[in-house]
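One chain comes next, on its own, written out as structure tokens in the form predicted on its own.
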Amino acid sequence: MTSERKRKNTSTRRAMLANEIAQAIRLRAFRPGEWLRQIDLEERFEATRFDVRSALDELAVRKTIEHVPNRGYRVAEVDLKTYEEILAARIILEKATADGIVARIDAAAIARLDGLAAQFSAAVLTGSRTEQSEINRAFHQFMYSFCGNAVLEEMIWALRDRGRGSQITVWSSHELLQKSDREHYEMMAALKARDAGRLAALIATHIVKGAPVGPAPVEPG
């Protein structure tokens, strides 16, 4: 194996492990402010010490976690002001995907999105919060994959994961969950109509319902 291939394989392993740890943080397996013990992560994710350390360094760059010199790594804690700034940045970035998505998405992909929206509707009725969160993420991840800008996608998901360090409750009521469900179908209608402006407006509405003044319920988008 060439040195170039080794570097690529190492980079791939690091990114995959970083995403797995980020997913665990997103699902609240690790809470904001919680210290991450490398030996526990090695066992949990069946990874080497080197890969775990590399993944933690990657997550620290993303600001999903923070590195405290001489102490280790802990899940980042996000205060209300920072969380509101994350939401504002998300609105700018995620609205920017609309034109590219409308230009590139095809009928087969729209049908797949319809299926994900239906899965989310079913999860709203009978699924766990973990299932709802993962299907919601799959819906948006697939939709944004058509924006045509891989760097923009990376920035969006880094911000979304960083926002998980806040104490703000996601979907604090069933009404908010149902509203998020309805908005998925409104986005689908905008896509089918090839209306990028409408899609961008819906994305912004989906991210935040009004400007929270305190720890108000905010949907994940």
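Each form is matched to the other, and the largest set of C-alpha atoms that superpose within 1.5 Å is called the rigid core. Numbers follow the displayed sequence, beginning with 1. Values in this document were obtained by computation on a predicted structure and should not be read as measured data.
Just so it is clear, the following notes concern the form predicted together with a further copy of the same chain, a form of the same protein that is not shown.
This chain lacks the partner; the member of 29, 176, 193, 152 within 4.5 angstroms of a further copy of the same chain in the predicted bound form by a non-hydrogen atom is 152. The contact residue chosen from 67, 37, 44, 182 relative to a further copy of the same chain in the predicted bound form is 67, the criterion being a non-hydrogen atom within 4.5 angstroms. Residues within 4.5 angstroms of a further copy of the same chain in the predicted bound form, judged by any non-hydrogen atom, belong to 93-101 and to none of the other stretches in 135-143, 122-130, 107-115, 93-101.
Remark: residue 57 counts among the residues lining a further copy of the same chain in the predicted bound form, judged by a heavy atom distance of 4.5 Å or less.
Taking the partner from elsewhere, residue 85 is found to have a heavy atom lying within 4.5 Å of a further copy of the same chain in the predicted bound form. Though the partner is left out of this view, residue 71 does not reach within 4.5 Å of a further copy of the same chain in the predicted bound form, counting heavy atoms only. Not displayed here, a further copy of the same chain is kept clear of residue 188 by more than 4.5 Å at the level of heavy atoms in the predicted bound form. Applying a 4.5 Å heavy atom cutoff to a further copy of the same chain in the predicted bound form picks out 57, 58, 61, 62, 63 from 32-65, in order along the sequence. Annotation for residue 81: C-alpha shift under 2 angstroms between the shown form and the other one, rigid core superposed.
In this overlay on the rigid core, residue 72 has a C-alpha that sits 2 Å or more away from its partner position between the shown form and the other one. If you fit the rigid core between the shown form and the other one, you'll see the Cα of residue 203 move by less than 2 angstroms.
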